[in-house]
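One chain comes next, on its own, written as C-alpha cells: the form predicted alone.
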Amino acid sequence: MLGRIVLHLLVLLILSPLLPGVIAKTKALFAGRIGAPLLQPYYDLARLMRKEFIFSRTTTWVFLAGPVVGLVVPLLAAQLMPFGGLGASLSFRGDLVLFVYLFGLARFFTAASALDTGSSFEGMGAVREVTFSCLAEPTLLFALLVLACGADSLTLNDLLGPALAGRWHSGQAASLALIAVCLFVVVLVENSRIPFDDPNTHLELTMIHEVMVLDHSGPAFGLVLYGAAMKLLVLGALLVRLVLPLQTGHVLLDLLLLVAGLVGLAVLIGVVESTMARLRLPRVPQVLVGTTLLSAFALVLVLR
C-alpha cells in the first residue's frame, strides 16, 4: 500500500509540469516558432519558489489557503483512481462522488482567496469560474454514472479497471465514445483552456481563472501553477484511461502507456488551442449545457 501511494505521488509530482510544456511547445510549432524549452514549467516553478512571499494588508489566511488547497486536492484525488497498472491507493464505495467534489472544494477556496483581496476584477473572475464549473460538474457526474452502470460498482478502481476494455467491444461503445468527448470538454473547461478560457491572456475583462490569481506571487503563485498542472494530469488520466483501457499486466509498461497517452492529450489540447478561437462568454454555458445533455443521453443508452 505504501509503495503504491509513493508511486502515485512520484508520477503526479514529476510528470505534471511536463504537460503544460508540451501544450506550449505544440502551440509554438503551429505558430512557426521555436518556443520555450519543453521543461520551461519546471524552471518557472523553481524560480518562483526562490522568491519571497508578498501579501496585501487587506488579505487574511484565506488568501494563502487557495493555493495550498489547490495543491493538496489533486494529490488526494490521484489516490482515488488507478494510474496505468497501479490500482487506486484509496478505494471505497462511492469514492467517485468524493473525486468530483474534491475539485469543487479546491474551486471554492480559489474563489474565496480571490474575493479575499477585495478586488472587483478578481471577484468577477471568481463568479465566472464558479458558474462555468457548476455547469461542467453534471457532465462529469453523468460520465462517471455511465461507467458505474457498466461496471456495476461505485468505485473508481472498478470503473477504470481491466474490464473497461471489454466494454468497448460490446454494445456500450457508442455511450463510451460520447462520454469521452464530454470528458475532453470537461478537461478543457476545468483547466481554463481555449475555447473556454485563455491562460495566456492579459485582458482583465475577459480573464477567468488567471484574473483570480493576479495578486499571488512568488511561492504562492508557484503553488497555483503546480496545482493547476496536477489537476490537468489527474483529469487527463481519467480520459486517457477511458480511451486507452488496455493493460499489459506489467506496472512499468502500463505507466509508460499512461505517460504516452497524457503526452498525446497535451498535444491534442495544443492543437485545439492553435486552431480554435476563444468562445464568447455567453456561448460557454450553451456548450456546457450541451455536453451535459450529451452525457445524459449516453446514460440513457446504457440503461436502455
Partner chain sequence: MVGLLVFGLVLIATSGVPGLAWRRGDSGERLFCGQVLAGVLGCLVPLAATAVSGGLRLELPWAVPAGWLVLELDALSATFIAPLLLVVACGALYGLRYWPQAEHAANGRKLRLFYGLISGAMLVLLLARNALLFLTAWEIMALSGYFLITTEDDKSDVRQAGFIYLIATHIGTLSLFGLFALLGQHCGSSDFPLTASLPAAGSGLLFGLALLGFGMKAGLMPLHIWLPGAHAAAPSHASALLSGVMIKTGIYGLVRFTSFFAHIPAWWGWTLLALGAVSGVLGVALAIAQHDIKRLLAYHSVENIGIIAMGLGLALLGRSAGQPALVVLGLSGCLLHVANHGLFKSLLFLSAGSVIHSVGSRDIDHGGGLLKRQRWTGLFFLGGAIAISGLPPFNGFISEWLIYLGGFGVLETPSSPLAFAMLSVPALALIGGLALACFVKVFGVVFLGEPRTDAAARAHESPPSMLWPMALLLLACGWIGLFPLSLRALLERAVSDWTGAPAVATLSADLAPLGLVAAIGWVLVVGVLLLGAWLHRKSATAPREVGTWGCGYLFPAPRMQYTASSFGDSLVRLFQFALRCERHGDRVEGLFPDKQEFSSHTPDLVLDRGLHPLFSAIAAFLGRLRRRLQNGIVACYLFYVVLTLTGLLVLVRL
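Keep in mind that this is a model prediction, so the values were computed, not measured. Residue numbers count along the first chain shown, from 1.
Beyond the structure shown, there is the form predicted together with the partner chain, which is absent from this document and is the topic of what follows.
Of the residues Val127, Ala163, Leu86, Val181, just one reaches the partner chain in the predicted bound form with a heavy atom at 4.5 Å or closer; this is Val127. Only one of the listed residues (Ser192, Asn157, Thr117, Gln172) places a non-hydrogen atom within 4.5 angstroms of the partner chain in the predicted bound form, and that residue is Thr117. In the predicted bound form, the partner chain stays beyond 4.5 Å of every heavy atom belonging to Val6. In the predicted bound form, none of the heavy atoms of Gln40 sits within 4.5 Å of a heavy atom of the partner chain. Although the partner is absent from this view, Asp198 stays clear of the partner chain in the predicted bound form, with no non-hydrogen atom inside 4.5 angstroms. The partner chain is not shown here, but in the predicted bound form it comes within 4.5 Å of a heavy atom of Leu96.
Between 132 to 140, 227 to 235, 163 to 171, 181 to 189, the stretch whose residues reach within 4.5 angstroms of the partner chain in the predicted bound form through a non-hydrogen atom is 132 to 140. Along 100 to 124, residues Tyr101, Leu102, Gly104, Leu105, Arg107, Phe108, Phe109, Ala111, Ala112, Leu115, Asp116, Thr117, Gly118, Ser119, Ser120, Phe121, Gly123, Met124 each place a heavy atom within 4.5 Å of the partner chain in the predicted bound form.
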